[in-house]
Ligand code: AMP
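A lone chain, given as structure tokens: the form predicted on its own.
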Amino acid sequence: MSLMLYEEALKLVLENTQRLSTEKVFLWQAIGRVLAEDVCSDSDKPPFDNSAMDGYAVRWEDIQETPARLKVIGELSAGGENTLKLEPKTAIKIFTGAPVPEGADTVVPVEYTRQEGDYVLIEGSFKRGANIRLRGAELRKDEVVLKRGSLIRGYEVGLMASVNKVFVEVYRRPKVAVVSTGDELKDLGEPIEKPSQIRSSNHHTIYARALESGCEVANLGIVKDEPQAIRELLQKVEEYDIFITTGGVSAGEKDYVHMLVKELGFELIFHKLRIKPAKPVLFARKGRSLLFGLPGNPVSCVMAFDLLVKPAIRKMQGFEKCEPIILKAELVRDFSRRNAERREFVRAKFWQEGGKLLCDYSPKTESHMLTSYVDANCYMVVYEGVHELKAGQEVDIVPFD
């Protein structure tokens, strides 16, 4: 099977990914999820004309010449009864959020006034309607507040609470399983007994990234390089929306995952991409469930998740924009490589300076060096056929999310 271009692989991933079903949840449980319905206002917002300041409600005609001396006939606070009515040459003391009394059309902030017994002196000039929040100025009843496909953050939770949206329809969280394969792997706390054994990080990294992405994640641990054990594992794929294995997808004698995928009746969509690292990525499907076989090298593993699995997760969650974002940045020092056959995604850091984005890359470019992610916040893209990039040159970057 020839090496596939990244764009083609991403297109196939998204074409084979279906949005999940929806569910209605309590408002707080919707945080970090995507709306599956439009949310409309239950009433006009504000529901009545109210004061935007602490001060005095007045008739604009009475403050044309200042200082204006007006008789104070009462006061109104937020939540209070609005039974007062302004007559000419009178004022009502008013607090922020209180309903504007009948006859008033302007609110003078308290700092522009001076009280003298039962009177108040107005010492500034204001436009008619100043400091009054008009009914319906923000929203009208039945107006769409949030559209289907919106990400729900704390801001949106507050907005929905303001329109009395107690339960909200959202897309279901993807159910993801993560497992690592390999005889050489030891999990957290297990003793290293042989020089050839290593501490497993992949299933922990991918578990964490899937959690960060808003999924319900099952960590299935480590499975030995034994065909029967891996076969039993792959038979569980349809219990999940996405099933992720790490290791066992290259061309070695004990790389059983890609062989068993064919044997067990999966639809193998691609295996091996023209990217560096993460060349031996496998993508297959069984029913609605997706299988991603990620490489065993730590950088290859997490990079394949970011560039291929994460877009599938976003589509399942109901996002309209699923593809990784690409920005432009100026490279601060030269970069070179010998082999330019594959597109390379180099761990890098970008920042803003002088009105533009700058980028520097990690000197640790090998696929086993997970420390290359320390302080990194993006991938620098080095396209096929490019051997060298010069300082000052514009490069494409893919920010982490």
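Because the structure is predicted, anything quoted here is derived from the model rather than measured. Don't overthink the numbering: it's just position in the shown sequence, from 1.
Same protein, other form: the form predicted together with adenosine monophosphate (AMP), not shown, and the subject of what follows.
Participant: Where, among 78-86, 101-109, 142-150, 293-301, do residues come within 4.5 Å of adenosine monophosphate (AMP) in the predicted bound form by heavy atom distance?
Facilitator: Only one stretch passes the 4.5 Å heavy-atom test: 293-301.
Participant: Tell me, out of 188, 327, 198, 166, which residue has a non-hydrogen atom within 4.5 angstroms of adenosine monophosphate (AMP) in the predicted bound form.
Facilitator: Contact with adenosine monophosphate (AMP) in the predicted bound form is made by 198 alone.
Participant: Check residue 156 for me: does it contact adenosine monophosphate (AMP) in the predicted bound form (non-hydrogen atoms, 4.5 angstroms)?
Facilitator: Judged by the heavy-atom cut-off of 4.5 Å, residue 156 is well away from adenosine monophosphate (AMP) in the predicted bound form.
Participant: In the predicted bound form, does residue 241 have a heavy atom within 4.5 Å of adenosine monophosphate (AMP)?
Facilitator: Close contact is absent here: in the predicted bound form, residue 241 is far from adenosine monophosphate (AMP), nothing within 4.5 Å, heavy atoms only.
Participant: May I ask you to check whether residue 184 falls inside a 4.5 Å heavy atom distance of adenosine monophosphate (AMP) in the predicted bound form?
Facilitator: Contact check for residue 184: yes, within 4.5 Å of adenosine monophosphate (AMP) in the predicted bound form.
Participant: At 4.5 Å, heavy atom to heavy atom, what parts of 161-180 sit next to adenosine monophosphate (AMP) in the predicted bound form? List them in sequence order, or say none.
Facilitator: The stretch 161-180, when checked against adenosine monophosphate (AMP) in the predicted bound form, contributes only 180 at the 4.5 Å heavy-atom cut-off.
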